[in-house]
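As structure tokens, one chain now follows by itself in the form predicted alone.
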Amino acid sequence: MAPDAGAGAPDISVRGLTKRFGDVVAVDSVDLDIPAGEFFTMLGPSGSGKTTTLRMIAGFEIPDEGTIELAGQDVSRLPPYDRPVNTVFQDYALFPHMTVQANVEYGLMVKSVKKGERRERAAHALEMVRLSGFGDRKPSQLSGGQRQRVALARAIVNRPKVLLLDEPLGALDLKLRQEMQIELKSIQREVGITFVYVTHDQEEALTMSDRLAVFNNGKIEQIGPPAEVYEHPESEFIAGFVGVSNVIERDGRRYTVRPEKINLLEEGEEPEPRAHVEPGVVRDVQYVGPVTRYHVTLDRGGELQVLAQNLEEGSSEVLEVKGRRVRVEWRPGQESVIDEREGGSE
């Protein structure tokens, strides 16, 4: 039985959500709860099911199986305009012939909100996205980041229960995208609306989210705070997709270690007590300014990527390490077991 609307129910609750396109199961029996006020990210590669899940929550796709509740109300079969959600897309979808002010007011006009209230609410929304004074401009007179913020203002002016964002920063260059990540998180905290954000960008998900769900082949493989998902991936897929990780098999155990957790020991340097130590040869070195990536082939088999900060070393010094015999170490607890077979050591 569904809980009473608003009676402590999550803003979003989906159960057994399934969507097929012909023989392809795009979303495969997904369960998910998102509490009020959370910045929640759906992360995954192309075709993993994240966008289809978002579109079903928005009402643009109808599930073949399962239910969608918003604040305790079953909206599984309601059209988008009857759901307390708004969606922000990558292409902004602004009306080019309208001013910024008119674009932001449009949804309120459709709902027959009086002119004076429309202007007041639109002005407040533009202020929240740092665009006060831009109301008379046309979208063509704005930068990409400014157009994205107009789309955001147009969405929040309707005071939705939930804001859905489908790869909203994908069309922006890297520097602007990083700036907008900070802006979006700040705006979300200020307005207090639940944000559900879809992206394939791992760094974006780790930077912005309170929690994230990693999608793969139509299913959610792991849900949790960014640090938990990054530090303790529950599968080899997550270890490789959320950042970079090394996968090692030793004594019947298969586990991952992040490159920045591994220390490259200098000649004669003693390892830390209880550290796991393995000898090997530096196969390749990549100097990338603030850090260097060392690729070490281990004597016992396998290869590790080691990430080290260049605190004092220059490019010529780190590149000279290529071909050297080295030892690598990491402390207990810095690895994450993803598979343990019978007969393996404890």
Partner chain sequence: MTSVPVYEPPPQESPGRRLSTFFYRHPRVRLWTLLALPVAWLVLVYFGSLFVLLLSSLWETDPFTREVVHTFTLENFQRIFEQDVYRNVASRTVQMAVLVTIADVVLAFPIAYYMARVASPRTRDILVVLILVPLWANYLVKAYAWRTILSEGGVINWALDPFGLHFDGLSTVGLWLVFTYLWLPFMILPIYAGLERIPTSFLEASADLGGRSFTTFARVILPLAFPAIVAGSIFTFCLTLGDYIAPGLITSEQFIGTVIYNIRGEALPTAAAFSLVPIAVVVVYLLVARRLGAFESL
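Take the two forms, find the largest set of C-alpha atoms that superpose within 1.5 Å, and that set is the rigid core. Numbering follows the first chain given and starts at 1. Nothing here was measured: the structure is a model prediction, and the numbers come from that model.
Only in words, not in the display: the form predicted together with the partner chain, which the text now covers.
- Only one of 146, 99, 158, 256 comes within 4.5 Å of the partner chain in the predicted bound form through a heavy atom, and that residue is 158.
- With the partner omitted from this view, the residue of 245, 86, 209, 194 that lies near the partner chain in the predicted bound form is 86 [heavy atom within 4.5 Å].
- Proximity to the partner chain in the predicted bound form, taken as heavy atoms within 4.5 Å, picks out 75-83 from the listed stretches 213-221, 176-184, 227-235, 75-83.
- Contact annotation: residue 94 falls within 4.5 Å of the partner chain in the predicted bound form, judged by heavy atom distances.
- Looking at residue 111, you'd find a heavy atom of it within 4.5 angstroms of the partner chain in the predicted bound form.
- Using a 4.5 Å cutoff between non-hydrogen atoms, residue 60 counts as a contact of the partner chain in the predicted bound form.
- Residue contact with the partner chain in the predicted bound form: residue 295 places no heavy atom within 4.5 Å of it.
- Core-superposed comparison between this form and the one not shown: the Cα of residue 232 travels less than 2 Å.
- In the core-superposed comparison between this form and the one not shown, residue 77 has its Cα shifted by less than 2 Å.
- Relative to the superposed rigid core, residue 138 undergoes a CA displacement of at least 2 Å between this form and the one not shown.
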